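Here's a solo chain for you in structure tokens, the form predicted alone.
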Amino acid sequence: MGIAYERTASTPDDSADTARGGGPTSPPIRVGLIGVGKMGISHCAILGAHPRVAIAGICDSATYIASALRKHTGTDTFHDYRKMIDSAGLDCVFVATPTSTHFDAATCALERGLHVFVEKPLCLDPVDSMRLADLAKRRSRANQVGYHHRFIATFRETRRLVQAGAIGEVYHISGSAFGAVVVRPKSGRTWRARKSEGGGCLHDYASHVVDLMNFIVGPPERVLGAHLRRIYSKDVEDAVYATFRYPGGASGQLETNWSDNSYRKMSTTMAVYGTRGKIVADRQECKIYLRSGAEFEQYPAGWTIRYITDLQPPVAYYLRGEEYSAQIDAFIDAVERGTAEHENSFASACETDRVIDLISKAGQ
């Protein structure tokens, strides 16, 4: 038997992934940013251009960053997110700090009634992730984790076709991600390369792949084996390999390496194998092969290639890729609806953190 699929009411149709360009709400949603490093700055730029958002506060522990942002944006800045949450009149916060701090910051915001977006992964400890998911549900606050690959149209089409049964019964899925993050001993000194703060390749790179595999076919029930390999880092792994087993007997393979300098930037690929065909997808294209007699919708037997340029809906503001704006649009929509039930929630991120924990234990 293969993998069983279930589409829930909280999963939007692809037709809903269109650019949101309507007039601003009155009043706009007041957003606070916690952490303005790489991802925080990216969120700041997208939110600053969003027609229904006003950035009401920015918090960062680095004095020079906060001072520069206050000078050039005129936005109130803070060094303590608690003070910002208590005084800036916020509707929601974006948490883009080291992973080890996510739980405390998100808990503080949720307990004060705010909607919360947290960068991935949700937490280093899956128990903390579950506590946050439960708290968000009890408070009925919109909650989302920054797994932006879910908003890339090639992967969304892969999921749609798999769950519609286009390739038949799935018996294997493989996911991979490679990139040049830590390519020499001295480059592994950031918080991401410290076990207690970022968690290494497993939490920073493999989490994207695990979450995307969960998105397409659902989470595995077991991790049969794993190998966590240090290449340049001293405290964390730089490469992760794992084998999964899914309900019904399907298998899965994970391969990630953030010390592969043959890649200029992160490259993620999914391959799904079924009894009627297979799908291979990356950021640029979705390649579908269907056996003779297994035609589906506009897809004939044989190979069909769908490119990102044909599949990806436009966004109002482009930065790094449409998916970054699309995920923020989805969160702002959830805030406006005041719903805790939507895609990319803390609950789905809990499943990713659970699998990461299983990989870590299997690799010991």
Partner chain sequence: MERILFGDNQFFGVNHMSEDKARAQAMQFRDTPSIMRVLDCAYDHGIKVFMCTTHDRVGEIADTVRRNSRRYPDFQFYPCMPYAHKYADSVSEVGIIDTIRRFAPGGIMETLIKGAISAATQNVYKLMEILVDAEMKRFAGVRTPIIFLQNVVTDLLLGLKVYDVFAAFSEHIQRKYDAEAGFITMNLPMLVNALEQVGIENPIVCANINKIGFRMCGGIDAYRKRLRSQRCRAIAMSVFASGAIPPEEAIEWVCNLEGVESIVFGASSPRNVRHTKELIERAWGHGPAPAAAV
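Residue numbers count along the first chain shown, from 1. Since this is a predicted model, take the numbers as computed values, not measurements.
Although not depicted, the form predicted together with its partner chain is the subject of the following passage.
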Thinking of its partner chain in the model of the complex, which stretch from 102-110, 260-268, 85-93, 243-251 has heavy atoms inside 4.5 Å of it?
-> 260-268
Using heavy atoms and a 4.5 Å limit, would one call T73 a contact residue for its partner chain in the model of the complex?
-> yes
Tell me, yes or no, whether V181 is in contact with its partner chain in the model of the complex, where a contact means a heavy atom of each within 4.5 Å.
-> yes
Give a yes/no on whether G48 approaches its partner chain to within 4.5 Å in the model of the complex, heavy atoms considered.
-> yes
At the 4.5 Å heavy atom threshold, is L69 in contact with its partner chain in the model of the complex?
-> yes
The listed residue (V315, I29, A56, A334) that reaches within 4.5 Å of its partner chain in the model of the complex by any heavy atom is V315
Any residue of 128-165 with a heavy atom within 4.5 Å of its partner chain in the model of the complex counts; write them all down in order.
-> none
